[in-house]
Ligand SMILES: Cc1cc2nc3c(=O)[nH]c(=O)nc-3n(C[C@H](O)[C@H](O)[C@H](O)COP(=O)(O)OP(=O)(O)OC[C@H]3O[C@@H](n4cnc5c(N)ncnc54)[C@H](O)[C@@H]3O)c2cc1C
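One chain comes next, on its own, written as C-alpha coordinates: the form predicted alone.
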Amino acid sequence: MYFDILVIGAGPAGLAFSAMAADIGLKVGLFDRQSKTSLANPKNDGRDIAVSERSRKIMYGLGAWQKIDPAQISPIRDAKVMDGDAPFALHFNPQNAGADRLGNIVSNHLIRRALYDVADIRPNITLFTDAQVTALIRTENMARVCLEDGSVFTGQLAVAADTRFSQIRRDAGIKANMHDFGQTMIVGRMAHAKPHHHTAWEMFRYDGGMAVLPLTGNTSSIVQTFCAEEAARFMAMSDEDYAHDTAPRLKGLLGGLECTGKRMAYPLVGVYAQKFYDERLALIGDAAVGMHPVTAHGFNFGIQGLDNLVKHLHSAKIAGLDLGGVQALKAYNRDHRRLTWPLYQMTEKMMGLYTSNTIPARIARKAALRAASFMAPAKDVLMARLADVSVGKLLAGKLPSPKLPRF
(Lines give C-alpha, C1' and ligand atoms only; values in the text may rest on other atoms or scores of the structure.)
Protein backbone atom coordinates (compact mmCIF):
# COMPACT_ATOMS: atom_id res chain seq x y z
CA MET A 1 0.00 0.00 0.00
CA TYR A 2 1.32 3.45 -0.92
CA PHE A 3 1.29 6.68 1.12
CA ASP A 4 3.04 10.01 0.57
CA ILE A 5 4.30 9.97 4.16
CA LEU A 6 4.88 7.05 6.56
CA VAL A 7 4.77 8.19 10.21
CA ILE A 8 6.08 5.85 12.91
CA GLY A 9 4.67 6.69 16.34
CA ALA A 10 1.25 8.13 17.22
CA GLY A 11 2.22 10.20 20.24
CA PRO A 12 1.57 13.96 20.29
CA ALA A 13 4.27 14.63 17.67
CA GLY A 14 3.16 11.89 15.30
CA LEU A 15 -0.52 12.80 15.56
CA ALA A 16 0.03 16.53 15.12
CA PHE A 17 2.41 16.07 12.20
CA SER A 18 0.02 13.67 10.47
CA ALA A 19 -2.82 16.19 10.77
CA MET A 20 -0.62 19.00 9.43
CA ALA A 21 0.58 16.88 6.52
CA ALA A 22 -2.99 15.84 5.72
CA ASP A 23 -4.01 19.50 5.64
CA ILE A 24 -1.59 20.20 2.78
CA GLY A 25 -3.08 17.35 0.78
CA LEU A 26 -0.69 14.52 1.61
CA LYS A 27 -1.75 10.92 2.12
CA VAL A 28 -0.42 9.69 5.47
CA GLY A 29 0.06 6.21 6.91
CA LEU A 30 0.42 6.39 10.72
CA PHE A 31 1.72 3.37 12.65
CA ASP A 32 1.70 2.72 16.40
CA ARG A 33 2.14 -0.35 18.58
CA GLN A 34 -0.64 0.74 20.96
CA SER A 35 -4.28 -0.22 20.60
CA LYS A 36 -6.85 2.15 19.13
CA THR A 37 -8.55 2.32 22.55
CA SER A 38 -5.32 3.39 24.26
CA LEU A 39 -4.67 6.11 21.69
CA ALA A 40 -8.24 7.42 21.70
CA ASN A 41 -8.47 7.49 25.51
CA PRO A 42 -4.94 7.98 26.84
CA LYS A 43 -4.38 7.48 30.55
CA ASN A 44 -3.43 10.41 32.75
CA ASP A 45 0.34 10.07 33.07
CA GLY A 46 0.61 12.80 35.72
CA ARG A 47 2.42 15.24 33.47
CA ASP A 48 1.15 18.78 32.89
CA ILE A 49 2.47 20.72 29.93
CA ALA A 50 3.27 24.43 29.70
CA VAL A 51 1.99 25.35 26.24
CA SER A 52 3.39 28.57 24.79
CA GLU A 53 1.16 30.97 22.87
CA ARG A 54 2.72 30.07 19.53
CA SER A 55 2.15 26.36 20.19
CA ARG A 56 -1.44 27.12 21.23
CA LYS A 57 -2.03 28.88 17.91
CA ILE A 58 -0.67 25.89 16.00
CA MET A 59 -2.96 23.55 17.96
CA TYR A 60 -5.88 25.92 17.36
CA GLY A 61 -5.18 25.89 13.63
CA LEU A 62 -5.44 22.10 13.70
CA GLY A 63 -8.72 22.26 15.63
CA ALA A 64 -7.13 20.55 18.66
CA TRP A 65 -7.15 23.41 21.16
CA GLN A 66 -10.91 23.80 20.80
CA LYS A 67 -11.36 20.16 21.86
CA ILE A 68 -9.83 20.77 25.30
CA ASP A 69 -12.29 21.76 28.02
CA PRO A 70 -11.52 25.42 28.91
CA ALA A 71 -12.05 24.52 32.58
CA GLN A 72 -8.98 22.25 32.27
CA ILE A 73 -6.74 25.05 30.95
CA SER A 74 -4.88 27.22 33.44
CA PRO A 75 -2.97 30.40 32.47
CA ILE A 76 0.58 31.20 33.60
CA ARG A 77 0.42 34.88 34.49
CA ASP A 78 3.79 35.09 36.25
CA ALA A 79 6.97 33.03 36.63
CA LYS A 80 9.70 33.15 39.26
CA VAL A 81 13.02 31.33 39.63
CA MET A 82 14.66 30.89 43.04
CA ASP A 83 17.90 29.29 44.17
CA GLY A 84 18.34 27.53 47.51
CA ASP A 85 17.65 29.87 50.41
CA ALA A 86 18.22 33.05 48.41
CA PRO A 87 15.86 35.87 49.51
CA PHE A 88 15.27 37.07 45.96
CA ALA A 89 13.81 35.50 42.82
CA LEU A 90 14.28 36.07 39.12
CA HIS A 91 10.89 37.40 38.01
CA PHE A 92 9.25 37.04 34.58
CA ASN A 93 6.23 39.31 34.24
CA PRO A 94 4.51 38.90 30.84
CA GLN A 95 2.96 42.34 31.11
CA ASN A 96 6.44 43.74 30.45
CA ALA A 97 6.20 42.08 27.04
CA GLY A 98 2.69 43.37 26.37
CA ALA A 99 0.95 40.05 27.12
CA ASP A 100 -1.41 38.83 29.83
CA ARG A 101 0.19 35.37 30.18
CA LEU A 102 3.35 33.43 29.42
CA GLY A 103 1.37 30.38 28.33
CA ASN A 104 -1.14 27.83 29.59
CA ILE A 105 -0.92 24.62 31.63
CA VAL A 106 -2.74 21.61 30.16
CA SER A 107 -2.60 17.97 31.17
CA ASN A 108 -0.57 15.86 28.76
CA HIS A 109 -3.29 13.24 28.33
CA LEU A 110 -5.81 15.92 27.29
CA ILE A 111 -3.39 17.16 24.61
CA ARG A 112 -2.90 13.61 23.35
CA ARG A 113 -6.65 12.99 23.22
CA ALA A 114 -7.31 16.27 21.37
CA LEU A 115 -4.61 15.55 18.80
CA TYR A 116 -5.92 12.02 18.30
CA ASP A 117 -9.41 13.40 17.69
CA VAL A 118 -8.25 15.84 14.99
CA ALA A 119 -6.09 13.22 13.27
CA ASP A 120 -8.91 10.67 13.39
CA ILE A 121 -11.33 12.85 11.43
CA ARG A 122 -8.94 13.59 8.54
CA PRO A 123 -9.83 11.25 5.67
CA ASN A 124 -6.33 11.12 4.18
CA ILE A 125 -4.78 9.69 7.39
CA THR A 126 -4.88 5.92 7.81
CA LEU A 127 -4.04 4.80 11.34
CA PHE A 128 -2.61 1.33 11.89
CA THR A 129 -2.83 0.31 15.56
CA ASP A 130 -1.29 -2.72 17.28
CA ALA A 131 1.32 -2.29 14.55
CA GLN A 132 4.84 -3.37 15.41
CA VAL A 133 7.34 -1.91 12.91
CA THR A 134 10.10 -4.46 12.34
CA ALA A 135 12.05 -2.65 9.64
CA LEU A 136 12.35 0.64 7.78
CA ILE A 137 14.02 0.17 4.41
CA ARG A 138 15.12 3.26 2.53
CA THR A 139 16.31 3.40 -1.05
CA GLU A 140 17.08 6.16 -3.49
CA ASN A 141 13.48 6.16 -4.68
CA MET A 142 11.29 5.20 -1.72
CA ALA A 143 10.88 4.40 1.97
CA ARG A 144 9.33 1.09 3.00
CA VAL A 145 7.83 0.20 6.40
CA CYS A 146 7.56 -3.50 7.27
CA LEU A 147 5.28 -4.72 10.07
CA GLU A 148 5.51 -7.80 12.23
CA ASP A 149 2.45 -9.31 10.53
CA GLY A 150 4.21 -9.17 7.16
CA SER A 151 2.47 -6.06 5.84
CA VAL A 152 4.58 -3.70 3.75
CA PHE A 153 3.90 0.00 3.03
CA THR A 154 5.79 2.38 0.77
CA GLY A 155 6.06 6.15 0.58
CA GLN A 156 8.25 9.07 -0.42
CA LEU A 157 9.29 9.89 3.15
CA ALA A 158 9.35 8.16 6.53
CA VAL A 159 8.99 10.21 9.71
CA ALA A 160 10.20 8.90 13.08
CA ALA A 161 8.13 10.01 16.07
CA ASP A 162 8.98 7.05 18.30
CA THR A 163 10.15 8.81 21.52
CA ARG A 164 13.55 10.13 22.60
CA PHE A 165 14.84 6.55 22.69
CA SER A 166 13.93 6.16 19.00
CA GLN A 167 14.74 2.76 17.53
CA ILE A 168 14.24 4.16 14.03
CA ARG A 169 16.90 6.82 14.70
CA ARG A 170 19.29 4.18 16.02
CA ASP A 171 18.67 1.79 13.11
CA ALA A 172 19.31 4.64 10.67
CA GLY A 173 22.73 5.15 12.24
CA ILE A 174 21.97 8.70 13.37
CA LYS A 175 23.99 9.44 16.49
CA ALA A 176 22.46 11.34 19.38
CA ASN A 177 23.87 13.20 22.34
CA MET A 178 22.15 11.51 25.31
CA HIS A 179 22.61 13.21 28.67
CA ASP A 180 21.51 11.23 31.71
CA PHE A 181 21.04 13.86 34.40
CA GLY A 182 21.20 11.18 37.10
CA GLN A 183 17.90 12.34 38.54
CA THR A 184 14.31 11.15 38.75
CA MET A 185 11.34 13.51 38.41
CA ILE A 186 8.27 12.95 40.57
CA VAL A 187 5.07 14.65 39.39
CA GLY A 188 1.70 14.85 41.08
CA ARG A 189 -1.20 17.21 41.61
CA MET A 190 -1.68 18.72 45.05
CA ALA A 191 -4.28 21.00 46.63
CA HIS A 192 -2.94 23.78 48.85
CA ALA A 193 -4.19 26.22 51.45
CA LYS A 194 -2.80 29.39 49.87
CA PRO A 195 -3.59 30.67 46.35
CA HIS A 196 -0.91 30.37 43.67
CA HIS A 197 -2.03 33.54 41.83
CA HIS A 198 -1.25 31.65 38.58
CA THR A 199 2.47 31.98 39.22
CA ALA A 200 4.83 29.25 38.07
CA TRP A 201 7.83 28.64 40.31
CA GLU A 202 11.17 27.00 39.58
CA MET A 203 13.14 26.33 42.77
CA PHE A 204 16.65 24.95 42.86
CA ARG A 205 16.79 23.57 46.39
CA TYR A 206 20.01 22.16 47.80
CA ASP A 207 18.25 18.84 48.42
CA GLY A 208 16.70 18.62 44.93
CA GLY A 209 14.81 20.77 42.45
CA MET A 210 11.15 21.75 42.62
CA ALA A 211 8.63 23.32 40.28
CA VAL A 212 5.09 24.58 40.81
CA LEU A 213 2.76 24.63 37.81
CA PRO A 214 -0.46 26.52 38.68
CA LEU A 215 -3.69 24.73 37.79
CA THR A 216 -7.31 25.77 38.25
CA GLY A 217 -8.42 26.62 41.78
CA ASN A 218 -6.05 26.11 44.69
CA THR A 219 -4.35 23.21 42.95
CA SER A 220 -0.91 22.88 41.39
CA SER A 221 1.18 20.26 39.70
CA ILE A 222 4.18 19.83 42.01
CA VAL A 223 7.34 18.55 40.35
CA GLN A 224 10.30 17.38 42.44
CA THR A 225 13.64 15.97 41.30
CA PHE A 226 15.91 13.72 43.35
CA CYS A 227 18.62 11.17 42.91
CA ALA A 228 17.12 7.73 42.19
CA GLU A 229 17.48 6.47 45.77
CA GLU A 230 15.78 9.51 47.31
CA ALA A 231 13.07 9.45 44.64
CA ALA A 232 12.30 5.82 45.49
CA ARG A 233 11.89 6.82 49.15
CA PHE A 234 9.44 9.60 48.28
CA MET A 235 7.50 7.36 45.89
CA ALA A 236 7.08 4.75 48.63
CA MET A 237 5.45 7.23 51.03
CA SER A 238 1.74 7.39 51.74
CA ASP A 239 -0.09 10.44 50.34
CA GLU A 240 -0.20 11.96 53.80
CA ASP A 241 3.54 11.51 54.41
CA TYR A 242 4.40 12.75 50.94
CA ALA A 243 2.37 15.94 51.44
CA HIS A 244 3.86 16.40 54.92
CA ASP A 245 7.45 16.09 53.62
CA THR A 246 6.84 18.22 50.52
CA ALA A 247 5.32 21.27 52.24
CA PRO A 248 8.52 22.33 54.08
CA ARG A 249 10.49 22.16 50.84
CA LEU A 250 8.19 24.90 49.49
CA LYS A 251 9.08 27.12 52.46
CA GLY A 252 5.43 27.85 53.21
CA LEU A 253 4.77 29.20 49.71
CA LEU A 254 1.46 27.33 49.32
CA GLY A 255 0.65 26.46 52.92
CA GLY A 256 -0.62 23.00 53.78
CA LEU A 257 -0.70 20.40 50.99
CA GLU A 258 -2.93 17.48 50.09
CA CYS A 259 -2.37 14.95 47.29
CA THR A 260 -5.20 14.97 44.76
CA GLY A 261 -3.68 12.80 42.03
CA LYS A 262 -1.46 9.79 41.56
CA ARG A 263 2.28 10.35 41.78
CA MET A 264 4.37 9.32 38.78
CA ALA A 265 8.16 9.04 38.46
CA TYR A 266 10.26 9.58 35.33
CA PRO A 267 14.06 9.35 34.84
CA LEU A 268 15.52 12.54 33.40
CA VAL A 269 17.40 12.02 30.15
CA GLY A 270 18.07 14.71 27.55
CA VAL A 271 18.53 13.77 23.88
CA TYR A 272 19.74 15.74 20.89
CA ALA A 273 20.10 13.99 17.54
CA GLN A 274 23.26 14.74 15.59
CA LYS A 275 21.04 15.56 12.63
CA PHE A 276 17.28 15.52 12.11
CA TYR A 277 17.18 13.78 8.75
CA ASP A 278 18.78 11.10 6.62
CA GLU A 279 17.94 9.61 3.26
CA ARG A 280 14.11 9.62 3.03
CA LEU A 281 13.83 9.99 6.81
CA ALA A 282 12.97 12.89 9.14
CA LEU A 283 13.09 12.88 12.94
CA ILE A 284 10.45 14.84 14.83
CA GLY A 285 9.40 15.46 18.43
CA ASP A 286 11.51 13.78 21.11
CA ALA A 287 13.14 11.54 18.49
CA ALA A 288 14.86 14.75 17.32
CA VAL A 289 15.17 16.74 20.58
CA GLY A 290 14.23 15.53 24.06
CA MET A 291 14.53 18.43 26.49
CA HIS A 292 14.99 18.48 30.26
CA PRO A 293 11.59 19.60 31.64
CA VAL A 294 13.15 22.50 33.56
CA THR A 295 12.80 24.71 30.47
CA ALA A 296 9.16 23.70 29.80
CA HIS A 297 10.10 23.77 26.11
CA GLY A 298 9.94 20.10 25.16
CA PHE A 299 6.39 20.07 23.78
CA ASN A 300 6.74 23.56 22.33
CA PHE A 301 9.94 22.78 20.44
CA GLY A 302 8.30 19.60 19.21
CA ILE A 303 5.13 21.08 17.75
CA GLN A 304 6.91 24.15 16.36
CA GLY A 305 9.39 21.82 14.66
CA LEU A 306 6.51 19.94 13.01
CA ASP A 307 5.08 23.20 11.73
CA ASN A 308 8.49 24.03 10.30
CA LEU A 309 8.89 20.64 8.57
CA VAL A 310 5.42 20.74 7.04
CA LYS A 311 6.03 24.22 5.62
CA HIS A 312 9.15 22.96 3.83
CA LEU A 313 7.33 19.86 2.58
CA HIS A 314 4.50 22.05 1.33
CA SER A 315 6.95 24.19 -0.62
CA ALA A 316 8.45 21.03 -2.14
CA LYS A 317 4.98 19.76 -3.06
CA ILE A 318 4.02 23.04 -4.75
CA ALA A 319 7.28 22.98 -6.70
CA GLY A 320 6.66 19.39 -7.79
CA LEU A 321 9.73 18.11 -5.94
CA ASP A 322 10.25 14.74 -4.29
CA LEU A 323 9.00 14.95 -0.68
CA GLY A 324 11.85 12.68 0.42
CA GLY A 325 14.44 14.77 -1.40
CA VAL A 326 17.23 16.46 0.46
CA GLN A 327 16.17 20.07 -0.18
CA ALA A 328 13.17 20.20 2.20
CA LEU A 329 14.85 17.99 4.79
CA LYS A 330 18.02 20.10 4.89
CA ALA A 331 15.96 23.26 5.36
CA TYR A 332 14.03 21.63 8.23
CA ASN A 333 17.26 20.46 9.83
CA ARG A 334 18.76 23.95 9.63
CA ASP A 335 15.72 25.75 11.04
CA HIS A 336 14.99 23.27 13.83
CA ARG A 337 18.61 23.31 14.94
CA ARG A 338 18.57 27.11 15.10
CA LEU A 339 15.41 26.93 17.21
CA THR A 340 16.56 24.24 19.66
CA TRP A 341 20.35 24.03 19.92
CA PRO A 342 21.08 27.18 21.97
CA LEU A 343 18.53 26.34 24.69
CA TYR A 344 19.50 22.66 24.75
CA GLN A 345 23.14 23.58 25.32
CA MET A 346 22.24 26.19 27.92
CA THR A 347 20.03 23.66 29.75
CA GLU A 348 22.80 21.07 29.97
CA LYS A 349 25.22 23.60 31.42
CA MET A 350 22.63 25.13 33.72
CA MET A 351 21.61 21.76 35.14
CA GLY A 352 25.25 20.90 35.71
CA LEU A 353 25.52 24.06 37.80
CA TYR A 354 22.19 23.67 39.58
CA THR A 355 22.62 20.00 40.53
CA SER A 356 25.94 20.63 42.23
CA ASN A 357 25.91 21.53 45.93
CA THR A 358 29.51 22.62 46.26
CA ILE A 359 30.11 26.04 47.81
CA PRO A 360 31.49 27.50 44.53
CA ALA A 361 28.43 26.22 42.65
CA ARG A 362 26.06 27.81 45.16
CA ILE A 363 27.88 31.14 44.88
CA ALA A 364 27.83 30.93 41.07
CA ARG A 365 24.08 30.18 41.03
CA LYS A 366 23.22 33.17 43.18
CA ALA A 367 25.49 35.41 41.13
CA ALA A 368 23.85 34.18 37.91
CA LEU A 369 20.35 34.93 39.21
CA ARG A 370 21.44 38.37 40.41
CA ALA A 371 22.95 39.15 37.01
CA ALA A 372 19.91 37.86 35.14
CA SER A 373 17.59 40.02 37.23
CA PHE A 374 19.26 43.11 35.74
CA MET A 375 18.90 41.90 32.14
CA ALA A 376 15.39 43.28 31.66
CA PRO A 377 15.53 43.65 27.83
CA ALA A 378 16.72 40.05 27.39
CA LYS A 379 14.02 38.76 29.75
CA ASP A 380 11.37 40.72 27.89
CA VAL A 381 12.47 39.30 24.53
CA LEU A 382 12.26 35.76 25.97
CA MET A 383 8.78 36.46 27.32
CA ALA A 384 7.72 37.99 24.00
CA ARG A 385 8.69 34.76 22.26
CA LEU A 386 6.76 32.65 24.76
CA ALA A 387 3.71 34.89 24.48
CA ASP A 388 4.09 35.22 20.67
CA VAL A 389 4.33 38.99 20.87
CA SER A 390 6.24 40.80 18.12
CA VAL A 391 9.81 41.25 19.38
CA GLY A 392 10.26 44.16 16.97
CA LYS A 393 7.32 46.03 18.44
CA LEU A 394 8.47 45.19 21.95
CA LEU A 395 11.96 46.57 21.38
CA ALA A 396 10.57 49.60 19.58
CA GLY A 397 8.58 50.38 22.68
CA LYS A 398 11.38 49.57 25.13
CA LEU A 399 14.39 51.22 23.54
CA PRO A 400 14.79 55.01 23.93
CA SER A 401 14.29 57.14 20.86
CA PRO A 402 17.59 58.26 19.33
CA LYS A 403 18.56 61.87 20.01
CA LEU A 404 18.75 63.87 16.79
CA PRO A 405 21.45 66.48 16.36
CA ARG A 406 20.34 70.07 16.73
CA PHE A 407 21.27 72.61 14.04
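Note that residue numbering begins at 1 and tracks the sequence as displayed. Source: prediction; values computed, not measured.
Missing here is the form predicted together with the named molecule; even so, the following discussion is about that form.
Note on the interface: of 232 to 240, 271 to 279, 179 to 187, 322 to 330, the segment with non-hydrogen atoms within 4.5 angstroms of the named molecule in the predicted complex is 179 to 187. Mapping the unseen interface onto this chain, residue 201 falls outside it, with no heavy atom inside 4.5 Å of the named molecule in the predicted complex. Contact annotation: residue 47 falls within 4.5 Å of the named molecule in the predicted complex, judged by heavy atom distances.
Proximity of residue 8 to the named molecule in the predicted complex: non-hydrogen atoms within 4.5 Å are present. Although the partner is absent here, residue 83 is not a contact residue: none of its heavy atoms lies within 4.5 angstroms of the named molecule in the predicted complex. Checking 95, 132, 124, 139 for any heavy atom within 4.5 Å of the named molecule in the predicted complex turns up a single hit: 132. Residues of 315 to 329 placing a heavy atom within 4.5 Å of the named molecule in the predicted complex: none.
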